[in-house]
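Listed next as structure tokens is one chain, alone, in the form predicted alone.
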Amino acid sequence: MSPYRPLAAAAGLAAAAALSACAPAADGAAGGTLTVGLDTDVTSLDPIDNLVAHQSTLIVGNAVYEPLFTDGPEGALEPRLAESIETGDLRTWTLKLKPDLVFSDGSPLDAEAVIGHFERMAGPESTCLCQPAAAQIDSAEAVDDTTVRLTLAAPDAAFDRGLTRSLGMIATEPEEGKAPLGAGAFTVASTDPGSSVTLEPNPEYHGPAPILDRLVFRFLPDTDSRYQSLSSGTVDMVWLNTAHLVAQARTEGLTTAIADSTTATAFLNTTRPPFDDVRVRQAVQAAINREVILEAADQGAGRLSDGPITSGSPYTARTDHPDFDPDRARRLLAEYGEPVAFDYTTDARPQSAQRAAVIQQMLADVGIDMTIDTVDAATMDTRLFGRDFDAIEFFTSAYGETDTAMKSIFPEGAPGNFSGYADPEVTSLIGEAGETVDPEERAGLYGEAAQIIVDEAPVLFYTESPSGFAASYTVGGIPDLSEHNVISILPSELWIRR
């Protein structure tokens, strides 16, 4: 299997997607209202604000905008609003749209609209995580109504991956106080900030009309309460990212769209003591028994994470992760020669609390004093982006896209390099990989970089954990995502059983 699929032969993929989109729902499918419980408050539906591009909220972005591509099994890209994207050198990309696309007000979603969207995402006012990817577009030409030719400042193997999230959610320039328009299967009917978003079918949708009459997303931040809302029938479908509830959903026979798509990690702040010294980072890494974390925090669900290239990545390069070795940890600490104490910032989810408690005990066994600092989600973000932490848990789906993760997290100065890690060789290897057309060569370069990252331990890798959606038996159209690296559902394919 090739680790890189630039969709040069995307006609077959487009045909498969069209067949899937046109497939009839099962007998007994009906309209009605589908209510989905999410963990994140979608206070803005504008792709420029990122809130519809998290793994748990992609379902909202997919409903309103339907991206150019969505994530398929084993890292493949599946065409949605686009038919294909082709490149020969990773610098010049030709994007082909489906014909006759329109926004929900009937205005054309053509090549010029795509270029306008890219320009807005790249602008100085943009807060989109896709801004660096959009800003690297040197020139964009509308070859015809459905064809865009893009030239990047430099070759970039990760460019097409961004088209599955905010960069690919083509939107209009929003009016004051309103969400932008999209071309997805649904439009915004109403919003209740801090509570819910209600969507209705888009009469201008390019595909088969959705069966649902209404789609409601409710903000339910507490994981256990969210699951209880499903059990009680208050909602029809919920986001789950804790192992015990994933196991419970499966035991209870609920319909699930689950994959080991979330990696549990922690950033170590390498810009200040004690983690500016590699020996301390390596000592912490050696003192942690990840098998125990897998059992205690994840109840044995998922698998160990051995580094930034996940087990589901289409790249074959893997890393050798150091074994659990408390004696090595003690030797490194003795060599360091100073007492080691630090704060470990995490959130209040039961899984996070259990993981932190287990790690605290393991580190105490080798003489490290770790204080658990439990904060809310907003404070987690403030600490993370301000690099105001010693160590901070980072539970993310970002590693599901190897090209994007390697480029955005580990090079010096990268937007997601929250640890402040600076290794010239890693930066060089990842930069070279991103400009390498041959997928096998790129895999080798990523593998070299990944091994250095694991050896120097600016990030602790714990487990690849199950995440996704669980739904009542009344919900149909739930896809099997077990072979996917990212949980991405198209609400246009969902329905309610009579």
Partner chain sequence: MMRTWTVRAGRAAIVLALLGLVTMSLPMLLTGNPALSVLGPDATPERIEAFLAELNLDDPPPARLADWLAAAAQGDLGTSLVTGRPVADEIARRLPVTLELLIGGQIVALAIAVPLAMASAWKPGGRVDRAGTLASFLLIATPPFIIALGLIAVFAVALGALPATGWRDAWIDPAGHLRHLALPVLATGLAEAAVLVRLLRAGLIETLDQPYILAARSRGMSAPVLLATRALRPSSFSALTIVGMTVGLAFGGSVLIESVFAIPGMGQLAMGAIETRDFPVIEAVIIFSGAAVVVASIAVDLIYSLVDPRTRNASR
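Positions refer to the first chain, counted from 1. Bear in mind that the values here come from a model prediction, so they are computed numbers and not experimental data.
FYI, the form predicted in complex with the partner chain isn't displayed, but the following is about it.
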What is the one choice in 374, 427, 282, 228 with a heavy atom within 4.5 Å of the partner chain in the predicted complex?
228
The unique member of 175, 224, 343, 100 whose heavy atoms fall within 4.5 Å of the partner chain in the predicted complex:
224
Among 259-267, 158-166, 181-189, 228-236, mark the stretch whose residues have heavy atoms within 4.5 Å of the partner chain in the predicted complex.
228-236
Can you check whether residue 218 is within 4.5 Å of the partner chain in the predicted complex, heavy atom basis?
yes
Would residue 392 sit within 4.5 Å of the partner chain in the predicted complex, counting heavy atoms only?
no
Does any part of residue 113 reach within 4.5 Å of the partner chain in the predicted complex? Heavy atoms only, please.
no
Look up in the predicted complex whether residue 129 has a non-hydrogen atom within 4.5 angstroms of the partner chain, and give yes or no.
yes
Can you name the residues of 181-200 that have a non-hydrogen atom within 4.5 angstroms of the partner chain in the predicted complex?
192, 193, 194, 195
